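Listed next as structure tokens is one chain, alone, in the form predicted on its own.
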Amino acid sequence: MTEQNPEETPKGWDPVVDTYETAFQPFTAQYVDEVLRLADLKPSQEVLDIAAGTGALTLAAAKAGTNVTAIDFSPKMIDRLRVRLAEENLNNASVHVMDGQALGFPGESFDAVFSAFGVFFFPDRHKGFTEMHRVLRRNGCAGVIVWASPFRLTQFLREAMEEAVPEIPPPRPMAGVVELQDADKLLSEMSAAGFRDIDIHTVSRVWTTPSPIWLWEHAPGFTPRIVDVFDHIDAEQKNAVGAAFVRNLTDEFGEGPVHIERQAHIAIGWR
């Protein structure tokens, strides 16, 4: 497997665009609706979506009538988001390839700034948070969504790999994903970047998927780190992992729909 963390590189995210959009974004979009509600956006406000991915927040904010600027360091993510905006006939959003740790905008450019499940991938989270603060207008709102609990799906995948291919290290979550599950840590890092009056709301949502088999068909492409693992095992090993994965999921959920619940922290802060 690669030495550099694939989740910290644009190249790492390019291969997961299709799977992320079709399989995983419907789940993350449930949290996006809540952060936009808590931010109390008004039509015609200027909004920045950092690490926009395939655009769950961008699309929702644009449909609410705000003027959205979306950035992501993955060119293929931005290409997909550009297509989706055109398909929805949303002309009040623009997209740019850009690193969230080095925003190319003047200070105090936006009324609201968001990062949904993005900032914990930054190698320098403090820089990411301070850049969010810098481009936010006075009395503007920042909304950040991070995971608040481990993901049962990746636990199933890890267990399947430990059973079927114990010689191969299973994918582990990034340190930032784990560290920001601590609400106090999230509060501290946003405060250090200059945000005030920060409120953290912990919410649960349920991801419903058709079956254990459907999950296995999509699981190898969910994140760059999982892609990296499966790029380095052969077909026989992958089939063995898949068999264990499906069997274990079926034992818990049956052959029909799989319902996986996960908590997220939604932090709302002000400049």
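Worth saying up front: this structure is predicted, and the values here are computed from it rather than measured. Start at 1 with the first residue shown and count on from there.
Only in words, not in the display: the form predicted in complex with a small molecule, which the text now covers.
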{"property": "Answer option from I168, I198, A164, M98, heavy atom within 4.5 Å of the small molecule in the predicted complex", "result": "M98"}
{"property": "Listed residue that, although the small molecule is not shown, lies within 4.5 Å of it in the predicted complex (heavy atoms), from F156, F122, F110, F129", "result": "F122"}
{"property": "A51 within 4.5 Å of the small molecule in the predicted complex, heavy atoms", "result": "yes"}
{"property": "A56 within 4.5 Å of the small molecule in the predicted complex, heavy atoms", "result": "yes"}
{"property": "Contact test in the predicted complex: I71 vs the small molecule, heavy atoms, 4.5 Å", "result": "yes"}
{"property": "Any non-hydrogen atom of F117 within 4.5 angstroms of the small molecule in the predicted complex", "result": "yes"}
{"property": "Site test, E7, W13 and M77 vs the small molecule in the predicted complex, non-hydrogen atom cutoff 4.5 Å", "result": "yes"}
{"property": "Among 83 to 91, 178 to 186, 98 to 106, 129 to 137, the region lying within 4.5 Å of the small molecule in the predicted complex by heavy atom distance", "result": "98 to 106"}
